[in-house]
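Next comes just one chain, in structure tokens: the form predicted alone.
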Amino acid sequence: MKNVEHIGIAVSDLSAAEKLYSALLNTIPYKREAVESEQVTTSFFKINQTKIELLEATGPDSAIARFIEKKGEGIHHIAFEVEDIVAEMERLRNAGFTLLNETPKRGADNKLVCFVHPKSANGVLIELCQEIR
């Protein structure tokens, strides 16, 4: 793992959250993107090397909608940048971690992603991210 790639925050109203985080961070989002496979719309902020990803559900069955229903808005996941996502997935499987997907899938911000089950990581949902080359 190279570094923290971003922190994902589940929100109910993306436009309202963008206004709030724009005021808080004193910057505007650099990208808004729909990820249809995950039923979310994302908005990214960047301060130096730190990214914040706001996630709004676009469907009632999405993971973000279920998260907000159970826990309310807030931190959803921490993402780590990796050099080789397939190798990192294999390493984590061999170390006993439970992965939520068998193969990497396309995520937001031009990334391949895979999630580590929170039960394997002290209650924290971990995302692995690799830049699509």
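Residue numbers here begin at 1 and follow the sequence given. Bear in mind the structure is a predicted one, so any value in this text is a computation, not a measurement.
Heads up, the form predicted together with a small molecule isn't pictured, but that's what we're talking about next.
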Requested in this report: Decide yes or no: are K51, I85 and R133 jointly within 4.5 Å of the small molecule in the predicted complex, with each residue judged by its heavy atoms?
Outcome: no
Query raised in the report: With the small molecule left out of view, which of R66, K46, R93, K31 would have a heavy atom within 4.5 Å of it in the predicted complex?
Result: R66
Query raised in the report: Wondering, does L125 line up within 4.5 Å of the small molecule in the predicted complex on heavy atoms?
Result: yes
**Report entry** Residue contact check: A108 to the small molecule in the predicted complex, 4.5 Å heavy atom
**Finding:** yes
Query raised in the report: Does M89 reach the small molecule in the predicted complex, with heavy atoms at most 4.5 Å apart?
Result: no
Requested in this report: Determine whether any heavy atom of A57 comes within 4.5 Å of a heavy atom of the small molecule in the predicted complex, and answer yes or no.
Outcome: no
